[in-house]
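In the form predicted on its own, a lone chain appears below as C-alpha cells.
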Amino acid sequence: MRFDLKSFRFTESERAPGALAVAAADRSLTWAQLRDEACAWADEARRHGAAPDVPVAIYGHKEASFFVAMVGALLIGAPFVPVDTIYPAERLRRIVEIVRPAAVYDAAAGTFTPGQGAQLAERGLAYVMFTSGSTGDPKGVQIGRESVGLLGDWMLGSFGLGEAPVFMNQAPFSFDLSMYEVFATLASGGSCVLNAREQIAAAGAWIPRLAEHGVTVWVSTPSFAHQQLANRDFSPAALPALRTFLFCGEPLPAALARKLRQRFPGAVILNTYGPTEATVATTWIEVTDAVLAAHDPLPVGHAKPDSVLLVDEGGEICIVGDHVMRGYLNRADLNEAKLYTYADGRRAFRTGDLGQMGEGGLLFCRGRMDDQIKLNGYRIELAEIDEALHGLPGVEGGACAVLRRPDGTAVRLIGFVAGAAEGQAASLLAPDALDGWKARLARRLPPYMVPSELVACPSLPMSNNHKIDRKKLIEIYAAIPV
C-alpha cells in the first residue's frame, strides 16, 4: 500500500497493508492503520469546517497523529499548516491570524479548536509553510499539490533509495526539510521513523531505535549529522541498514563529507539545495570521492528534472519550474519582487542566493544577497530578531549579528542593544538583565532564533547607506574582554 501523490488517495501496491508506515514518538502505525486513521481524521476535520482550499493548522511535535493529520488534510484537499511545539504560543497565534484556518488540530491532545475557516485565494495547495519574515512577521509559502507530486517523482526516480525506504525523520514538521520524508514515504509505500527531541537527546536508546526499525535513509542538515560523529554508535555496526545520507538546509562542508565517507564507506551521500519556496530542494549531487577530490567548497548539484536553474547578471540564483511556490500568502508585495514568469510560461523564483554555474550546469552556492541566514538548517531573517530585541524594556534599538566559521557557516547568534551610557564600553548582559531578556525573547521567538549572548552598546553602528553594520557589531563583540 502507498499514497498516490497524483490522485491523493491510498492505493494498492506490492507493499502489504500490514507493513510499517509510521514509527512515531508515541506509537506506530501500519499502512492499513494509517489509511483508516487518516480517513477518520478527515471526516472529523470536515465536521470542524475543513474543506478543499480551506486550510487546517496542525500543532504538535512527533506524534503519530501529526502524520495522520497531514495525510487526512491531503485526502480532503485542505492545505495543512504545520506548526511545531518549538514555537512559542505567540508565534502560533500570529500564524493562525494570518492563515485563518478552519481549525487548529492539537496532535498531542487529539482535539480541534475552531477557527475562521477562510478559503484561500490559491486553489489546489498541499501545504502552507511559514518561514521567518523580514518585517518581524512570519510569511506563508504556498506549495501546490502538483509540486509535491513532482517532489515524490524526483526522489524515487533519482535518489536511488531502493524499495520501501525507511526514513529517519528528525527535523520539525514546520521546517520544510521534513517534507522530504513525508512525501517520499507516502509515494514509495515505505516507512517514516519520527524522532522527538527527547528521544534524540537520549542517544543510548535513540540509535538502537533507528536500528530496530531498519532505517535506510538519513535525512538532516549537515550540522545535525556532524553532532552525531562524537557518538561511537553512529556507525555501520550499529546502523547496518543505513545506506543513504540526504542533506539539505545549509551548506555541506567538504570536511564533514570526508568524515562520513570514512565512517560509513558503503553509504551514498546526497547533497541537495533549494529554498522552501521551491518545495524543499531543486538540485542534487552524489558526493563521491571524485567530487571531494575536485571541489572544496562542494557544489550543490544539477537541476532536478523538469526544472531550470539560472544565475542572472547580478549573480542571483533563479529557479524555474512547476515546483516553485504559488506565492506568499497575502503578500502581493513580496510576490511581485520575488516571482516572475519564465519564457515558457512557468513560475520562476528569485532566491536571493548568490551562485556560480560551473561546467555542465553544476551549481555552486556562494551565500546570501541579504541578511537572511541559515543556522543549523533553520532559515532566519535577522530583521525579525532585530524587531524582538528592539522591544526589550529600556533599550533604544536592537540588532542581531552572526558568528561564522572561516568557511562562512553560521555558528551562533549574538544580540546587540543600544542604551548603555555614552562612553561606556560594550559589555555582555546576564540573562536576567532587562527584566530577563532571554526569557522575554523566548516568549516571542522560537529557541533557535534567541541569541546566545546579548551585548549592550552606547549605540548601534550604521553603514554608509544607513543600515545596521553587522560586520562592525561582530568587531564590537570580539573586542569585549574575556
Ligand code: AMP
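Computed from a predicted structure; not experimentally measured. For every residue, the number given is its place in the sequence shown, counted from 1.
Just so it is clear, the following notes concern the form predicted together with the ligand, a form of the same protein that is not shown.
A.B. asks: Only one of Lys374, Arg346, Arg243, Arg261 comes within 4.5 Å of the ligand in the predicted bound form by heavy atoms, so just point that one out.
C.D. replies: By the 4.5 Å heavy-atom cutoff, the listed residue in contact is Lys374.
A.B. asks: Consider the chain as shown here, without its partner, and state which of Pro172, Pro138, Gly190, Pro275 has a heavy atom within 4.5 Å of the ligand in the predicted bound form.
C.D. replies: Residue within 4.5 Å of the partner: Pro275.
A.B. asks: Among the candidate stretches 81 to 89, 144 to 152, 249 to 257, 304 to 312, which one is within 4.5 Å of the ligand in the predicted bound form when only heavy atoms are counted?
C.D. replies: Partner-contacting stretch among the options: 249 to 257.
A.B. asks: Contact with the ligand in the predicted bound form for Asp353, defined as at least one heavy atom pair within 4.5 Å: yes or no?
C.D. replies: The answer is yes: Asp353 has a heavy atom within 4.5 Å of the ligand.
A.B. asks: May I ask you to check whether Ser178 falls inside a 4.5 Å heavy atom distance of the ligand in the predicted bound form?
C.D. replies: Contact check for Ser178: no, nothing within 4.5 Å of the ligand in the predicted bound form.
A.B. asks: Decide whether Arg94 counts as a contact residue for the ligand in the predicted bound form under a heavy atom distance cut-off of 4.5 Å.
C.D. replies: Answer no; every heavy atom of Arg94 is more than 4.5 Å from the ligand in the predicted bound form.
A.B. asks: Can you tell me if Met168 lies within 4.5 angstroms of the ligand in the predicted bound form, counting non-hydrogen atoms only?
C.D. replies: Because no heavy atom of Met168 falls inside 4.5 Å of the ligand in the predicted bound form, the answer is no.
A.B. asks: Under the 4.5 Å heavy atom criterion, name the residues of 284 to 307 that approach the ligand in the predicted bound form, in sequence order.
C.D. replies: Residue within 4.5 Å: Val300, and no other.
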